[in-house]
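Starting off, we have a lone chain in the form predicted alone, written out as structure tokens.
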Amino acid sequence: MESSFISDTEAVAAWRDELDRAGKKLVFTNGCFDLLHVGHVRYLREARTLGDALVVALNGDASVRELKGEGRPVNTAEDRAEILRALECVDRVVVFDEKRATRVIEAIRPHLYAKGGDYTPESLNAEEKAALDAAGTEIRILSLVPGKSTSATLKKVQNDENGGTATRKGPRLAVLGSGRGSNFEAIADAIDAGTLEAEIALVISDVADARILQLAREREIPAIHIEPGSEKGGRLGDAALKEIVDRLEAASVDLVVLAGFMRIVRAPLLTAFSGRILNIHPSLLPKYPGLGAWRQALESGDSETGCTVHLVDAGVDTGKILGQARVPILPGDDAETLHARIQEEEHRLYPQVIGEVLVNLSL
């Protein structure tokens, strides 16, 4: 069914075939387009020049909420479609309710696919990329307009409405974890106790059934699973990194806290939050970086070990050390008992160092 501003996907697919028979090309792009700004307009104009018609696939309202969190979209899908159709460069708008535009891509089989310069072909969602490849679609990455984004626009509006300072409960943290979430609990408990002035805006995990996600939901904190991709060696895929950055920016996160996150962090996350990503490691760095550090200390016959909070850089546990706590290795210790005592110190040290870092950040 077609409304005045939203086209039926099947009708657009038939129109694509008409264009194809006439030797013309259909250009396709997708996104939320929640608050249309000059960056969007320039991007859409450029996309339209690549072919003879431009179709925009618009995330439905539920899809935007899943991607961007509660409070979004600012405008309904119908309103967003009407605004887009008012642009001379946009020929059709379709709406999809799923998280991804895969179904629409498969139905329309566009000749060209346009995406903004914050993406690369490698950082496109793997499912959507597979659909584009199957359709024989040419992928074109277009330039960005620096400083123009929906998140930046919303921040400016918030600041203007509050006399230059957005109303918030405190600095906003995002916690990334892969497992049980004990350090997440310690941070949340410190916030509840008033010893850490902050709020947890978002919890992200690369493991769908990780306990940390359950704990976050019990506290009514947005909790999101992100597919890590198929990269080897504990590396996050480009699409996963792009999605994490998008989520963090949409949530106006000030500081990223890794808590048992078993993935190697790299650009664009490192660049987007340079100097604002912390990790806690169960050894007295620089000794025993990497996995199983407490076991290494035990097997080496050390008399003590501990934990370290450090800034995250491109290496493995090589960033600037911000705080440490020492733990003696006792006679009769095994890996389990030693790790448990290290975690006790982690739960004390991590909230303390987070608080110190937040004081020194220009928020």
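Not measured: the values here are computed from a predicted model. One rule holds for the numbers: they count along the sequence shown, beginning at 1.
This protein has a second form, the form predicted together with a small molecule, left out of what is shown; the following refers to that one.
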Suppose contact means a heavy atom within 4.5 Å; in the predicted complex, does that hold for all of R180, I280 and E346 with the small molecule?
yes
> Heavy atom to heavy atom, is P73 within 4.5 Å of the small molecule in the predicted complex?
Replying inline: no
So, A259 and the small molecule: in the predicted complex, are they within 4.5 Å at any heavy atom pair? yes
- Task: Classify R16 as contacting or not contacting the small molecule in the predicted complex by the rule of any non-hydrogen atom within 4.5 angstroms, answering yes or no.
- Result: no
Answer among 76 to 84, 233 to 241, 270 to 278, 182 to 190 for heavy atoms within 4.5 Å of the small molecule in the predicted complex: the stretch 182 to 190
